[in-house]
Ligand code: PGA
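The data below hold one chain only, encoded as structure tokens and taken in the form predicted on its own.
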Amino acid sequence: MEIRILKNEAEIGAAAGKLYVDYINANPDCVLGFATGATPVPTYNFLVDEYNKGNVSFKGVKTFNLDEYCDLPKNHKNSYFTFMQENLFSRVDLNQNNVDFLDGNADPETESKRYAEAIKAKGGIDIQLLGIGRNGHIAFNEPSDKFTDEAWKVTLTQSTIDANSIYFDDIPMPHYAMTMGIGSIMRSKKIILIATGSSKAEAVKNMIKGEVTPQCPASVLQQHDDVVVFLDEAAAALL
């Protein structure tokens, strides 16, 4: 696990984004795994800037995402599909036919199998981007008694619902989501994890220095061969 500590979100976004740009330019038809939320936005902004400068093209890139809400229309303003369209996909020359997303409105078992087979058919995910929750969760894999494998339907915790409900002013906040499982994440060839802010410091410490346990899902990354962790000084304070 490679740890890089930088000053702020902008520096992290540029550093993480450069890894993507260099990889895409060397492998134009690569398969990339993306994440949603505030954490990856500076990275996405860097990628858009590099595209606008003519330094990278996404024409051959294939994409998968970590998760999606259940019981929410795909094009709802708060769906993760919409988030990715607004923050990256529609802002570069990505072929929309190369975008694969978990369907939160499909039968969970059928969708899990479909997603796993789709990833396998593309040769696996080359780089998977992650954030980390305050309790050490990655994607929607919360602390539990065992590590998950393929995509599955998760009941959102009350803390997640409380945190995200403010964005749902027209319909109730969904209580379920489909998420990529820990096994799927770990099968990615390379993983980039970004954490910023003092609220993530305890989780970062447990991820890097704690025991490998499903009670801190991110700790499993200790067992991956190629992980780069980008931190600001606040998130790295307990290391």
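Start at 1 and count along the sequence shown; that's the residue number. Because the structure is predicted, anything quoted here is derived from the model rather than measured.
Unshown form predicted in complex with 2-phosphoglycolic acid (PGA); subsequent notes refer to it.
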Residue stretch of 54-62, 36-44, 201-209, 22-30 approaching 2-phosphoglycolic acid (PGA) in the predicted bound form, non-hydrogen atom distance within 4.5 Å:
36-44
2-phosphoglycolic acid (PGA) isn't shown here, but in the predicted bound form which of P143, P108, G131, G124 has a heavy atom within 4.5 Å of it?
G131
For 210-239: residues with a non-hydrogen atom within 4.5 angstroms of 2-phosphoglycolic acid (PGA) in the predicted bound form?
none
